[in-house]
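Next up: a single chain in structure tokens, the form predicted on its own.
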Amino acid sequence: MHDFTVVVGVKQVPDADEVGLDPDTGRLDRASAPAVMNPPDRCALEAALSLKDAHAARVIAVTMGPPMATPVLREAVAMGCDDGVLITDRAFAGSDTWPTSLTLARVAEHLDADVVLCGEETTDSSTGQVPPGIAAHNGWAQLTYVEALDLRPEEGRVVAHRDVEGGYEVVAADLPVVVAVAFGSFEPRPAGLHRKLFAETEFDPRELSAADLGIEEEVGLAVSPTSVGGMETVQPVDRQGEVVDEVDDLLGPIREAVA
């Protein structure tokens, strides 16, 4: 029997090592790079699975995107998630972080989540706005840049170590809570062979639409307030260098450079 439900958000993004920009639109050329799971979400996924290891928790991976995003859910299930949900609907097209976080907030409620875990940001937009947005839409507590997480079921709360400048702080929050996991923490585990086979041959995600969540009029480009005022391409600058044999020889070139 599962006493807690942990929902972990994962997103399919272009591989940051290979993606380029469309010179005409200034947008990511997603077709130029293979699609992969957002690297910070892997840390959130491991954090969710660590809660499953320590407690009677059910872990559900969710992603928002077209049917072609299903592989990230298969990967999450292969790593140990109990289920996966694909949030897909043409109505979501063009959604920025506001309707995206609203959608995920409604999904968290739909799944009766006690804890929602997300990566601190995505590599294709890097806003870091979605986890706090989920918390704000639902009126839940939030913990950001979390490096360690201690679920205390008997107290109905979690205690987290947060990364802050110069050290860390320990913060407690009542359930339900949204947690943004710091990138680089919670080293992701490898998927076992049997789980991989199950994810590839037997698992099919549940699907939720905007209508299922009752938000048909609250998502999409029309209700997305983000706009790009302009964009310029920065041309590379020619760099000059000079090699000196002794540290004392640096003084002359430095004086000339700042004169």
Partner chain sequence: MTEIDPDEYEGVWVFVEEHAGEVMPVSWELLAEGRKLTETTGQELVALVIGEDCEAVAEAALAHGADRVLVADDPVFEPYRADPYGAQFRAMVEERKPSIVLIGGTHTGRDFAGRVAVPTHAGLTADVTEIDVDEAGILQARRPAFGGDVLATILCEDHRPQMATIRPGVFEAAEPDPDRTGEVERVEVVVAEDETMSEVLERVVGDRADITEAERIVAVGAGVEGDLEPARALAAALDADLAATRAAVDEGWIDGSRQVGQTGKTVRPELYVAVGVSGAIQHVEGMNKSGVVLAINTDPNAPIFEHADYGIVGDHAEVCHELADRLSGETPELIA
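Positions refer to the first chain, counted from 1. Model, not experiment: these values are computed from the prediction.
Beyond the structure shown, there is the form predicted together with its partner chain, which is absent from this document and is the topic of what follows.
When its partner chain is considered in the predicted bound form, A93 lies well away from it, no heavy atom lying within 4.5 Å. Proximity of A172 to its partner chain in the predicted bound form falls within the 4.5 Å heavy atom cutoff.
The closest non-hydrogen atom of T103 lies beyond 4.5 Å of its partner chain in the predicted bound form. V228 belongs to the set of residues with a heavy atom inside 4.5 Å of its partner chain in the predicted bound form. The single contact residue among D163, D150, D82, D112, judged by any heavy atom lying within 4.5 Å of its partner chain in the predicted bound form, is D163. In sequence order, V237, R239, Q240, G241, E242, V243, V244, D245, E246, V247, D248, L250, L251 are the residues of 235-251 having a heavy atom within 4.5 Å of its partner chain in the predicted bound form; the partner itself is omitted from this view.
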